[in-house]
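Take a look at this one chain, the form predicted on its own, written out in structure tokens.
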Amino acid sequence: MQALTFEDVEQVRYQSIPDPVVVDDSDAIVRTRMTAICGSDLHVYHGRETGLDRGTVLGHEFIGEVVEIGSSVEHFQLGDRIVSPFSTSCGRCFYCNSGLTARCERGQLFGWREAGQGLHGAQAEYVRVPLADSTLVQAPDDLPPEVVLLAGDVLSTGIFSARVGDVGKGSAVGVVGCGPVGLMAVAAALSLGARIVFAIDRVHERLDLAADFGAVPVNFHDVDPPSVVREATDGRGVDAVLEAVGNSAAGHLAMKLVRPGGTIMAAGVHTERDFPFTPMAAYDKNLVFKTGRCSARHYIERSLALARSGRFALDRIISHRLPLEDGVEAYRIFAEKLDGCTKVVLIP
């Protein structure tokens, strides 16, 4: 099969590799119909996350068709259309039963192999899915495939961010970073009843999308976001900040935006060594700070329900649809934000 593999920092290769095969009786083999490049893929691409084996197939967002199943798979048949979360889960352990499928005792991330162990990813013609019965979800027929694809990661992460971030009816919310996750967090916050959402970024295309969703766009190159927020909140700051970037600058800004007693939810994948604020600063604000990987399998049905509501044109975040064979160039376009790029979908 053809696949995109990690070779080194900022080196992705499109090449032919062996097809995946059933290894365990709980496995399914899925023919990938659509996959995507995620912002977290760029952590590996730029070398901010290290340890990935060279030759690992990248990617963890995909929809497709089941073409082979292990002997113990009961819930799926050949030909079923599916959407997958970005990590596998058993559905039975302590963490799965408590909704924390991201920390399943047997779970694995798609697209992460280290020291010869782990799973290849989905930026390929086929992908092996362990624990298929409890990982995969039947893809609905009443939604566009691009929207279903978003439910497996960025839409679920946006909903997770807003819910864990204590967003509710009447909340004032700041979203730092309007990439795909940030834009989905905007939609999620508004769907949960937020009275105002400030979408903070510097990329015009992203801010325009956030405004179309119903947020107040704030370009931090043109204005001071904390001043804008304080003016609209009687000087207090927002009740919740959903930080969807994953760096110190974003964390520092979040601390300036949140009111005393408010919540910062850091959904961005952080690779720095230290927090951007001190324990004393958090104490002095009575800060509630939350972070962690989204349990996408737990949230995926909520994501599909939000998409089905029709309130937001979620697939508008996809700016580029390219064949898988153009994946090397697609990584460059996405990494450098060329040509108004917000989200890249790849089609094998």
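Owing to the predicted nature of the structure, the values given are computational and were not obtained by experimental measurement. Note that residue numbering begins at 1 and tracks the sequence as displayed.
What comes next is about the form predicted in complex with nicotinamide-adenine-dinucleotide, which is not displayed.
Of the heavy atoms in Cys294, some are within 4.5 Å of nicotinamide-adenine-dinucleotide in the model of the complex. Although the partner is absent here, Lys337 lies within 4.5 Å of nicotinamide-adenine-dinucleotide in the model of the complex, judged by heavy atoms. nicotinamide-adenine-dinucleotide in the model of the complex is not approached by Cys90, whose heavy atoms all lie more than 4.5 angstroms from it. Proximity of Thr101 to nicotinamide-adenine-dinucleotide in the model of the complex falls outside the 4.5 Å heavy atom cutoff. Contact with nicotinamide-adenine-dinucleotide in the model of the complex, defined as a heavy atom within 4.5 Å, holds for exactly one of Leu119, Cys96, Val73, Ala250, namely Ala250.
Only one of the listed residues (Ala194, Val258, Val245, Ile82) places a non-hydrogen atom within 4.5 angstroms of nicotinamide-adenine-dinucleotide in the model of the complex, and that residue is Val245. Contact with nicotinamide-adenine-dinucleotide in the model of the complex, defined as any heavy atom within 4.5 Å, is confined among 37 to 45, 307 to 315, 275 to 283, 64 to 72 to 37 to 45.
Candidate site formed by Val22, Gly111 and Arg113: none of these residues places a non-hydrogen atom within 4.5 angstroms of nicotinamide-adenine-dinucleotide in the model of the complex. Taking nicotinamide-adenine-dinucleotide as it sits in the model of the complex, the stretch 169 to 192 comes within 4.5 angstroms of it through a non-hydrogen atom at Val176, Gly177, Cys178, Gly179, Pro180, Val181, Gly182.
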